[in-house]
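Just one chain is shown here, as structure tokens, and it is the form predicted on its own.
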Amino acid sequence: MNTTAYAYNAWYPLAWSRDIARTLVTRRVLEEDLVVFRNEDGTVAALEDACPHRLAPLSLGTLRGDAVECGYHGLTFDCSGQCVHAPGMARPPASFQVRSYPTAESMGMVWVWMGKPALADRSQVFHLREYDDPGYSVVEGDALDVQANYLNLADNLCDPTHVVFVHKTTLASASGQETRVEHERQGNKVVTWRWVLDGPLIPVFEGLKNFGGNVDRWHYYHYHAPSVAVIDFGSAKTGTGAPEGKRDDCIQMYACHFITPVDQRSCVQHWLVLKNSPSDPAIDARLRANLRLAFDEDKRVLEAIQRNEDKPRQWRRIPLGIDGSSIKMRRIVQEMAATDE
């Protein structure tokens, strides 16, 4: 199996904010096990999930105030990772500590900094301005376990060309098969886009708006290395100027994918959607179900690819012209990983 170098000095999605409370939970990021909990003031703490005494997982212990008591011998660590109590000792040695990871919250997610703490800049945590726009409503998804390397999922999220073949009943229409794809690098981001002119609505948009005929449809894939993808996709009535930027009367969505790399062959795909229409329980439930169906279609393919990659044989990928965006994305991640060394 090929191995991927990790970029540590970056903010990674850790968990939905809704899932972190005054209890101890575990998460794995970049092959490191963390114990995560909310402090009494509502902030989130993340510590190395191993007591330095006998390496018992702290997640098996007890949360006492803003500190974790090891469930094996009672050593207690505050949210900075420092041991503040050791049974039988008047004062724990300063060396009794575990690693503490900087955290932040944005867009309903808890984010964690896996690199050097001094470099953690919370102003750089990913945030999409439309998330705060009252003209958009939020449809929060789930956390999809994908048994595949996270860069294989990243390939998928930089690639509009697979949609017509993988998502025939959800995100595709036949008219999109031969449409030209463009892409460019913008710093540590890759943007990939495609327009489909004078075609039918895609299935997932049906019922949201009646255009009375065909539409012009856009797909802009924004990949922010190493693990955030935002797909801006929408439709407007054909001939009303959408390609030139006139989108006053349109359906527009931002599908946000926050990927947690777990290890070399698994990741977690957190997703949510912003749409330029009011929240409606029935419509939102249908949209959530249809998008989850689409992401399950991706999951099936990606996990099959991972199984092939894991086979003990000589193999190599054969790149095509449509892979230009993915190649740029992987190059950025390699560059980021190299700067951590």
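From a predicted model like this one, the values you see are computed outputs, not experimental measurements. Don't overthink the numbering: it's just position in the shown sequence, from 1.
Keep in mind that the form predicted together with a further copy of the same chain is not shown, yet the notes after this line are about it.
Of the candidate stretches 111-119, 74-82, 129-137, 208-216, only 74-82 has residues whose heavy atoms lie within 4.5 Å of a further copy of the same chain in the predicted bound form. At the 4.5 Å threshold, heavy atoms of A236 stay clear of a further copy of the same chain in the predicted bound form, well away from it. Taking the partner from the other structure, a further copy of the same chain in the predicted bound form has no heavy atom within 4.5 Å of any heavy atom of A21. Although the partner is absent from this view, V98 contacts a further copy of the same chain in the predicted bound form, with a non-hydrogen atom inside 4.5 angstroms. a further copy of the same chain is not drawn, but in the predicted bound form it has no heavy atom within 4.5 Å of Q264. Checking D66, D280, E309, D296 for any heavy atom within 4.5 Å of a further copy of the same chain in the predicted bound form turns up a single hit: E309.
Contact here is defined as any heavy atom lying within 4.5 Å of a further copy of the same chain in the predicted bound form, and by that definition each of R28, P52 and I305 is a contact residue. Residues of 125-149 are not found to place any heavy atom within 4.5 Å of a further copy of the same chain in the predicted bound form.
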